[in-house]
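First structure 1, then structure 2: two forms of the same chain, each alone, as structure tokens.
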Structure 1
């Protein structure tokens, strides 16, 4: 019999983890939905956010919140540089795009390994303290992470749906050639999109490392998990990625809590495979 305390832990921890997954997966699907770029360096942006922030805190003694903001901006700038130098020259070749972005991810992984080693690093807490509900002690940082995730997702929706740049992004995603004909700078739109995508990845990496250790091997692990969620939700569907993130996140935490961590990833991925067998286009995907 599952206790009420266990259910509370699954709900809270599941929502927190799902929020982080929603940020990284929505960023991944956003850039694909607009430019059809499968950016396999997305997991590297995820961990760069954490490691750059940790560097500023440890080496320069900056406040964790300020370090996080600087880190997010730097990762966004880095993503634009990567787009201009290695992605744009091969953007019309989907296979080459995958190869160069995956190579970039592996290169960043090696840089982190050479600099920090293979052991995990914890990001200094953005907020301290706990909240006790019944017999359940809830770290305030988890509530903060959940709030940041929800607000960021809402901000992304407002940005895409209500702002001029967001409408241009929508136009470019639906018909790139038509967008060019009406005078939109599609390359500029792609650069803005990859910046937003990288910012979401960096933020999710910082939030992740508030609960778990930042680890260079999470570059590929997070990419695989995010890619699986994006496929489940339907390639190019931000809404699908967010909903799928909560499905996978709650399954992941429920299995970890009730059975054990060693089974969580296996069962989550197995369920994704079963759903895709039933609906190959994903939950919100469409036939192309």
Structure 2
């Protein structure tokens, strides 16, 4: 018999876990949807956000919030630099785009491993304490992170839907050649998109290491998680990614509490593969 408490745990912890997933995967989907770049370095931007922030807090004794902001901007700038130097030259070549971004991700992973080691590192908490909802205790930091995730995703939606640059991005994503014809600078749009996507990644990295810990292995782990979510949601659909983040997040926590932690990844992956067999384009994807 599943108790009310268990249900509450699944709902509360599932929602907060899903929020982080949505942040990670929406950035990955955004850059793909706009530019058709499969950015395998997304997970690296994610962890860079955490490690750079930790560096500023620990080495320069800066305030955690200020450090986070600096870190997010630095990762954004880094992503543009990476776009110009290594992605742009091979952008026409699907295979090479995957390979250079993957190589960049692994390069960053190795540098982190050599400088910070294999064990996790904690990001100083922005919020402390716990809250009791019903009978279930939940750390404040989780709820804060859920709130930040929701606000950020709303912000992203307003940016794309309401701002001029957002509309240009939207236009470029739907018809790159048409966008060039009406005089849009597609290259600039791609650079801005990768900046936004990297900023989302860095932010989610910082939030992630608040809740869990920064760890070099998360570069590939988060990437695989993002892949699963994006496949489930449909490639290129930001809406699909956000919805499937919540599906995966709830499945994960439900399996952890009801069946056992060791099964959570296995079952989440298996469900995604089954869905893929039934509907190969994912829940919201369209056939190319």
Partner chain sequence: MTESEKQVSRRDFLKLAAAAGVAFVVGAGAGYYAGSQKKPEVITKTVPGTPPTSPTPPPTSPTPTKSEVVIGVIAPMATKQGMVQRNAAELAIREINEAGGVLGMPVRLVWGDTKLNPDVAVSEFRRLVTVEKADFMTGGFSSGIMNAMMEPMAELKIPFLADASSPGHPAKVHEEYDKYKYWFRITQNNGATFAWDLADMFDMLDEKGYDVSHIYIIRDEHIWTDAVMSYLQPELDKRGITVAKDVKVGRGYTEYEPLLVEANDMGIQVVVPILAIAGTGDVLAKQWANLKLRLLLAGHDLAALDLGFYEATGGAAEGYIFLADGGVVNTAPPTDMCKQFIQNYTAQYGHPPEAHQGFGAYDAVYLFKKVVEMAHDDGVENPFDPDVVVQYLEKFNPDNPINLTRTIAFYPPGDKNKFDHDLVWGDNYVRNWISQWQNGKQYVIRGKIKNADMIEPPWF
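Definition used throughout: the rigid core is the maximal C-alpha set that superposes within 1.5 Å between two forms. Keep in mind it's a predicted model, so treat the numbers as computed, not measured. Positions refer to the first chain, counted from 1.
Could you let me know which number goes with the form predicted alone? Note: form predicted alone is structure 1; the other is not.
Quick one: core overlaid, is residue 60 moving 2 Å or more at the Cα between the two structures? Comparing the forms between the two structures, which are aligned on their rigid core, residue 60 does not shift its C-alpha by 2 Å or more.
Taking 2 Å as the cut-off, check whether the CA of residue 220 shifts that much or more between the two structures after a rigid core fit. Shift at residue 220: below 2 Å after core fit.
C-alpha of residue 69 moved at least 2 Å between the two structures on rigid core: After core superposition, the C-alpha of residue 69 moves less than 2 Å between the two structures.
Residue 258: how big is its Cα shift between the two structures, in Å, with the core superposed? Residue 258 C-alpha displacement between the two structures, core-aligned: 2.5 Å.
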